[in-house]
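Shown here is one chain on its own, the form predicted on its own, set out as structure tokens.
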């Protein structure tokens, strides 16, 4: 069963619905950055948008843009990953509960605070009554949603799937995570994040939607060759899973042209990537993306977006190369996307070019 990525749309701290980040990324110095909002009137009626929180508007906009680019108005499945759900609405409801002494509470914020309301609202907009599921596993929420989609394709239950990953970061939740040393203090820079000798990264937000299909189209970006997920694996187990994916596609380690990893500047997070790369994939060009997109529970979705865009354009820009000693930016054909969350949940995704 072949799976193709035929369309992608994103809203992030880079220019929304755009690939300008590929050549001219916006660089940030703050440790708390919110997404750049597009013009939502092109996707959502104004009166409807007024009743929506930010993450909901972003989800609808990216989903509709993805749908319009592929022409599939009613995908067989809508699968969403979100670490926090509509946390802005959750906070509104809780604050109102405290201020009103638990009386006369407006129900709108409560109804829009559940994690699966994002996928549900997308389905309502698309009038899609097919398979609909939401995964909320913090930093591996997107990976879980993607894994579900891959299984549905392999079982031949679907021929198209809209995969989404959406998360917002409110000021209150940012302050809460700051107490747990999630974020670096002081000015942020590429050099600070690359150094990776201290705790924390810089916070951002992300919304990204993918259209997966079992057939190619004129807009096909790349092919999803395989995926594996692991829980608390050691290096040997990760290598076994990687070789499993490669053998299934008649490939080997030498066929991997680059590895996309979630290096964020946080020492504990980055040391795990360094250990794996030096053990299994030495000398491979290493691509990072969180220095321009920031850290969020939906960041792994942006990681796959970055890998897919590299394959689509057929070049590897130097500003995405984490290893400064590696200057190999030749035309990539196969890219491995490796993600882990707190060294517990690990995922491997293999993407291949369709430009052959």
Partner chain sequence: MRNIFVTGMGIITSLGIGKDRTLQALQQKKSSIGAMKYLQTTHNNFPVGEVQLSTDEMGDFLNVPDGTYTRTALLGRIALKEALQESEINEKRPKRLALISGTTVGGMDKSEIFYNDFLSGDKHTEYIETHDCGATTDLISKEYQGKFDVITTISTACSSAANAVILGANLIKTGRVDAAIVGGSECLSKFHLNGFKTLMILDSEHNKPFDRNRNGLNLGEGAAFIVIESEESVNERNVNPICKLSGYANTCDAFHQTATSPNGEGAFLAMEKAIQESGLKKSDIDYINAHGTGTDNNDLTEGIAIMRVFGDKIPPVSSIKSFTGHTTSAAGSVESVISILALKHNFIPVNLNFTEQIEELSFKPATEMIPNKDLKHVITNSFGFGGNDSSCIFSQIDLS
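Residue numbers count along the first chain shown, from 1. Since we're looking at a predicted model, the values are computed, not measured.
Beyond what is shown, the protein has a form predicted together with the partner chain; the following relates to that form.
Of the candidates 128, 286, 192, 221, 128 is the one whose heavy atoms come within 4.5 Å of the partner chain in the model of the complex; the others do not. Checked against the partner chain in the model of the complex, the candidates 84, 256, 242, 272 yield a single residue with a heavy atom inside 4.5 Å, and that residue is 84. The partner chain is not drawn, but in the model of the complex it has no heavy atom within 4.5 Å of residue 235. Within this chain, residue 115 lines the site of the partner chain in the model of the complex, having a heavy atom no more than 4.5 Å away. Contact check for residue 160: no non-hydrogen atom falls within 4.5 Å of the partner chain in the model of the complex. Using a 4.5 angstroms limit between non-hydrogen atoms, residue 250 is distant from the partner chain in the model of the complex. Residues within 4.5 angstroms of the partner chain in the model of the complex, judged by any non-hydrogen atom, belong to 225-233 and to none of the other stretches in 225-233, 183-191, 276-284, 261-269. Interface residues of 123-158, taken as those with a heavy atom within 4.5 Å of the partner chain in the model of the complex (partner not displayed): 123, 124, 127, 128, 129, 130, 131, 132, 133, 134, 135, 136, 137, 138, 144, 147, 148, 150, 151, 152, 154, 155, 157, in sequence order.
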